[in-house]
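For this one, two forms of the same chain are given in C-alpha cells, first as structure 1 and then as structure 2.
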Structure 1
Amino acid sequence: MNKKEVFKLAKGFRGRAKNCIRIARERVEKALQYSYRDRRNKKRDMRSLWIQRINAGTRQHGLNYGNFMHGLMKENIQLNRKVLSEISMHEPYSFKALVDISHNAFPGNKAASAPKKEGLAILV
C-alpha cells in the first residue's frame, strides 16, 4: 500500500497512528486483521443470539431448543434459525403453532405422565 492509501485508512486513529507513516502502516495492517477476524465472529455471535431467542421462546411453551429443532427436522420444516428467532419475537401465535407441531412430531417430546404411587405412598 502506498502512503496515500495508508493515511486514508488511518483516518480517525489516535496519536501518531494517523500521521506517522511507519506507525500508521502497522496500525492499519492490524486494523485490517481485526476486521477480517471479526467479520467471521459476527456470524458466530448472530447465530448464538438466534439460538438464545429460540430457546427462550420454546421454554415458554415447555420445550427446550434441542427437542424443538429435532421435532422440526422430523416434520421436515426447513426454517433457518434467523427466521425462527424473528417468528418467536414478533409472531408468538405462529411460533406456538410451530412448537406444537414439533412437540407432537418427536416421541421424546411427549409430556411425561404423573408417576404411579406405590406402596405406602397410596396411603399418604
Structure 2
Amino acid sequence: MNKKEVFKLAKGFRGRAKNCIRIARERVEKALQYSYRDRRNKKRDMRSLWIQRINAGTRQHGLNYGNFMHGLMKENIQLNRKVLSEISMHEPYSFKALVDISHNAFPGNKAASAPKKEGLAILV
C-alpha cells in the first residue's frame, strides 16, 4: 500500500499513528489483522448474543433455552437463532406460539407457567 492509502486507513488513530508514516503503517497493518480475525469472531459473538436473547425470551414464559431448542428440533422447525431472537424481541405473540409448540412437543410436560415473581416484581 502506498502512503496515501495508509493514511486513509489510519483516520481516527491516536497520536502520531494518524500522521507519521512509519508509525501509521504499523498500526494500519495491526488494524487489518484485527479486522481479519474479528470477521470470524463476529459470527461467534452474534450467535452468542442471539442465544442470550432467546434464553431471556423463553424464560419469561417458563422455559429455558435448551429445552426450547430441543422442542423446536423435535418439531422440525428450522428457524435459525438470528430470526428467533428477532421474533422474541419484536413479535411477542408469535414467539409465545413457538414456545407453546416447543413445550407441547414432549407429552410428559405439564402446562408451562410463567415464573413466580419475587420481591418488587410482584408489584409490576
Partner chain sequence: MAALSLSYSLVPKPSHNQTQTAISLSRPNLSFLSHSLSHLSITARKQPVVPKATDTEAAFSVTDAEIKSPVLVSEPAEPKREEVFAVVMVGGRQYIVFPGRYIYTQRLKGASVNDKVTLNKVLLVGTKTSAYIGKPIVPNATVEAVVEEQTLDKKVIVFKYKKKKNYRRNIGHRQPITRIRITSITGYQDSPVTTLD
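Values in this document were obtained by computation on a predicted structure and should not be read as measured data. FYI, numbering is relative to structure 1, first residue = 1. Take the two forms, superpose them, and find the largest set of C-alpha atoms that agree within 1.5 Å; that set is the rigid core.
Handout entry: Either 1 or 2, the form predicted together with its partner chain
Key = The chain shown second - structure 2 - is the form that fits the description.
Problem - Size of the rotation between structure 1 and structure 2 [smaller rigid part against larger, C-alpha superposition, degrees] - result: Rigid-part rotation, C-alpha based: 14 degrees.
Handout entry: Cα displacement of residue 13 between structure 1 and structure 2, once the rigid core is superposed (Å)
Key = In the core superposition between structure 1 and structure 2, the C-alpha of residue 13 moves 4.0 Å.
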